[in-house]
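Listed next as structure tokens is one chain, alone, in the form predicted alone.
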């Protein structure tokens, strides 16, 4: 049986999926256990919308048009205007490392894939789970949505599914809201792509680095 420690260490962001259809029963096997995630005062503030099939393809097409027309991202949850230097440095390193992986896998004469286009294609995932919460809620509830996000990804891993949580998936909420009939009182917080990983895609061989416990953890009185 998969241990919690191995599940946490083995989980990775899948950036290329097989096109294989995932049926409703398989999706529910992932989502139902994740609903046991903790929340402040048992508020369970999440509302979940699952996009697949024709609906998801229309979202994908809408995203492609946004990218072609250079329409800025406009997520319901505003992105930070600035990042601490250490965070920004890790973000820049990630982009460089991902590009290097693609360069190494690129054959002579081939065009290097564009990272933004890959993101806007929703990584080719057959399913995207959108997590929403009422607009009246505060960052207190954002913590709860983070908890259920991790729960969904680990549950997917147990079912041999890959996942990718990404702000890009929620970058154009008007398109998502229209296709999934999400009411205006709900903010679309984040998207989680689900599906079978494409083992031949070099992006899925890449693993971003993590800070060590010694660098992050500070003991006081222990």
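Remember, it's a predicted structure, so these values are computed and weren't measured experimentally. Positions refer to the first chain, counted from 1.
Below: the form predicted in complex with a small molecule, not depicted.
Asks: My question is simply whether residue 66 lines the interface with the small molecule in the model of the complex - judged by any non-hydrogen atom within 4.5 Å.
Replies: Flag for residue 66 set to no.
Asks: How about residue 165: is it within 4.5 Å of the small molecule in the model of the complex, going by heavy atoms?
Replies: Yes - in the model of the complex, heavy atoms of residue 165 and the small molecule come within 4.5 Å of each other.
Asks: Under a 4.5 Å heavy atom criterion, is residue 188 part of the interface with the small molecule in the model of the complex?
Replies: Heavy-atom contact with the small molecule at 4.5 Å: absent for residue 188.
Asks: Give a yes or no for residue 21: in the model of the complex, does one of its heavy atoms lie within 4.5 Å of a heavy atom belonging to the small molecule?
Replies: Residue 21: no, not in contact with the small molecule in the model of the complex.
Asks: 105, 137, 77, 94: which sits within 4.5 Å of the small molecule in the model of the complex by any heavy atom?
Replies: None of the others qualify; the residue that does is 94.
Asks: Partner absent here, but in the model of the complex, which of 57-65, 42-50, 23-31, 165-173 has residues with a heavy atom within 4.5 Å of the small molecule?
Replies: Stretch with heavy atoms near the partner: 165-173.
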